[in-house]
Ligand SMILES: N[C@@H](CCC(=O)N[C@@H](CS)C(=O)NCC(=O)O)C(=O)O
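Only one chain is included here, represented as structure tokens and corresponding to the form predicted on its own.
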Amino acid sequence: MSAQAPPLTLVSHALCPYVQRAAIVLLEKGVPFARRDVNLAAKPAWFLAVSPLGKTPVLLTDNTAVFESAVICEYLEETNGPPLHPSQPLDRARHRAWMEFGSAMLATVGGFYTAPDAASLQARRTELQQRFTQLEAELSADGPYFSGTGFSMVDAVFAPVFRYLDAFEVCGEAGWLENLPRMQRWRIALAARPSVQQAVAADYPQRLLAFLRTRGSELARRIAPARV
């Protein structure tokens, strides 16, 4: 009887949205994996040896380190079922394009929670809401996911974006998806998805809020003080 192959290891940071993408794909495909968190404020030598860019996630498999979330997700798609990309080349290209759109949105999300003043905060909010309006026009009318009833890689990419909205609403920044019914439906469906729920620890909302408080930003100044 052959020895069982060791599980994959997902090198992670507890709050990294790109780690969530990889974890969701692993969970959707039912691939066993271990998780190893690192402190990105004090990166250990072993981590820098496997992450040339010093970022998470990194997937350790067969003594090889695969880094960058998009590359990890594509590797998992090529090596494990069920497929999370459409079968037709043009549809796959469209999905990959919207995945890049999701990555750009995360950059704007970062600009929102680090905005130094009210004007900058409002500018980043307006930009994000324009992106949500663009997405509304692209979402399937059938829903609840990006392209209809089937969960895809695009859904894995956008689930962490909606998690930030949860935190922003706690901070008093609400009304993100008003008059965008397909976006609202998508957000609810992703929040209920087991893979999305299991991609983060149970205390993720509290840890994210604590992180936002430390940014020294306009948003941080609007967050109610933590209860002692």
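Remember, predicted model here, so these are calculated numbers, not experimental data. The numbering used is simple: start at 1 and walk along the sequence shown.
If you look for the form predicted together with this ligand, you will not find it shown, but the lines that follow are about it.
Residue heavy atoms within 4.5 Å of this ligand in the predicted bound form occur in exactly one stretch of 55-63, 199-207, 28-36, 171-179, and that stretch is 55-63. Contact check for Ala189: no non-hydrogen atom falls within 4.5 Å of this ligand in the predicted bound form. In the predicted bound form, this ligand lies within 4.5 Å of some heavy atom of Leu40. Contact annotation: Ala220 falls outside 4.5 Å of this ligand in the predicted bound form, judged by heavy atom distances.
Along 129-152, not one residue places a heavy atom within 4.5 Å of this ligand in the predicted bound form.
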